[in-house]
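Only one chain is given next, in structure tokens, and it is the form predicted on its own.
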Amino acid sequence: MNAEAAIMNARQWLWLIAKRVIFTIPILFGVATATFFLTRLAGGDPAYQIAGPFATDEVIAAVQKQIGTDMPIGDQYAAFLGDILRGDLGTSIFTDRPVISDLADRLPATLTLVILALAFSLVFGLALGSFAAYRRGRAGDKVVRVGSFSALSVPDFWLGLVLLFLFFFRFGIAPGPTGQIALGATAPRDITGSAIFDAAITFDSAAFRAALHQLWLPLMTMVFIFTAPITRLARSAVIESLTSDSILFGRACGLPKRQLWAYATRAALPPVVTFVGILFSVLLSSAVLVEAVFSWGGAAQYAVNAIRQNDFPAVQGFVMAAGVFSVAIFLVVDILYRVIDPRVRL
């Protein structure tokens, strides 16, 4: 009976994952379509920038033919979709490398920053939100509410500049904005593109310290900003859980406060987990500005440079990669939702 139940449970999980993967197809198609047409509307023809300000019409026409912008927009769109179906994100106009190779070199740096920021924000947000809910109406709750509300109004790039000015220029305790490794510092062997991860897996302690020294300031910038919304949501969810019938019944039965708090926190997790999935996409877009401030050298900074240069394939490739990661995160969120609360049918 146990074996049969395990098989049935495995089939349910496989069916759940299969449904979510199928649902992602129209979403990614919509992302690809919107990205293609918005990049064409937002920027001009990059052929003029490549050819230079003094190029003749013949030179511009030759460049347009080379990069494919001389074709009708419908033909360009069809070629773009065909390339995506083949797993080809095109060739960057300005680096002259496959976009997928450029992203593979830079995405690990961005994902390191985003995932660590998300993890720390979740831990601090849940802790502060639960604390504020447990101390509802008291001084601790008011401090957390005022602090989180104030943090919501702070732009991430502005905070990054302020922290850089204070800790680097004024006090000299933080590294300069030179990317993942400081100038002259020992760099780890390049395996994944994430300096701190490469240093960890190669047991390079000197490179790990150097990478950690470069990481803490941009990480603190993103954690400060994104802990605030998680804190406010966690506080509301825990308060709702603490006033639910199940918790009131447990309190009437004489359960310890610590146990009731643990139950209330777990019951508040589903909306917080869902919000964290949404926050991942926001963090990817926020990383664009934070990476630009700290010269991080990740995919987000690559996207900024591509936008400045009207590099259509690079911009499209970054947006598609961000879309794929966002969809994957929502799949993980769906699975976690079911793990946290088995009563939920997805």
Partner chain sequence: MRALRLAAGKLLRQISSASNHSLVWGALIIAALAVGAYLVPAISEFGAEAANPREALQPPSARHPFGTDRSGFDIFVRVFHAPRIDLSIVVLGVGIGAVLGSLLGVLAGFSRRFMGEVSMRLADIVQAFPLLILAIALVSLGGNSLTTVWLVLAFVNVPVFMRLTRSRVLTVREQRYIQASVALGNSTPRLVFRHILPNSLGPAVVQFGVSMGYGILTLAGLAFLGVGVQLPTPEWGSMILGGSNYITTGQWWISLFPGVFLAIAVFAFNLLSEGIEQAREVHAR
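Numbering follows the first chain given and starts at 1. Only a predicted model underlies this, so the values are computations on that prediction, with no experimental measurement involved.
What comes next is about the form predicted together with its partner chain, which is not displayed.
So in the model of the complex, is its partner chain close enough to residue 302 to count as touching (4.5 Å, heavy atoms)? No, residue 302 sits far enough from its partner chain in the model of the complex that none of its heavy atoms falls within 4.5 Å.
Is there a non-hydrogen atom of residue 162 within 4.5 angstroms of a non-hydrogen atom of its partner chain in the model of the complex? Result yes; residue 162 sits at the interface with its partner chain in the model of the complex.
Does residue 30 reach its partner chain in the model of the complex, with heavy atoms at most 4.5 Å apart? Although its partner chain is absent here, residue 30 would touch it in the model of the complex, with heavy atoms inside 4.5 Å.
is_contact(residue 315, its partner chain) in the model of the complex, heavy atom dist at most 4.5 Å: Close contact exists here: in the model of the complex, residue 315 approaches its partner chain to within 4.5 Å, heavy atoms only.
Is its partner chain in the model of the complex near all of 186, 214 and 220, within 4.5 Å of a heavy atom of each? Zero of three within 4.5 Å in the model of the complex.
I need the one stretch from 111 to 119, 268 to 276, 77 to 85, 148 to 156 whose residues put non-hydrogen atoms within 4.5 angstroms of its partner chain in the model of the complex. Residues of 148 to 156 come within 4.5 Å of the partner.
Find the only residue in 177, 98, 140, 250 having a heavy atom within 4.5 Å of its partner chain in the model of the complex. Only one option qualifies, and that one is 177.
With its partner chain left out of view, which of 94, 168, 124, 197 would have a heavy atom within 4.5 Å of it in the model of the complex? The residue from 94, 168, 124, 197 that makes the contact is 168.
With its partner chain taken in the model of the complex, which residues across 269 to 300 come within 4.5 angstroms through any non-hydrogen atom? In sequence order, 281, 282, 284, 285, 288, 289, 292, 293 come within 4.5 Å of the partner.
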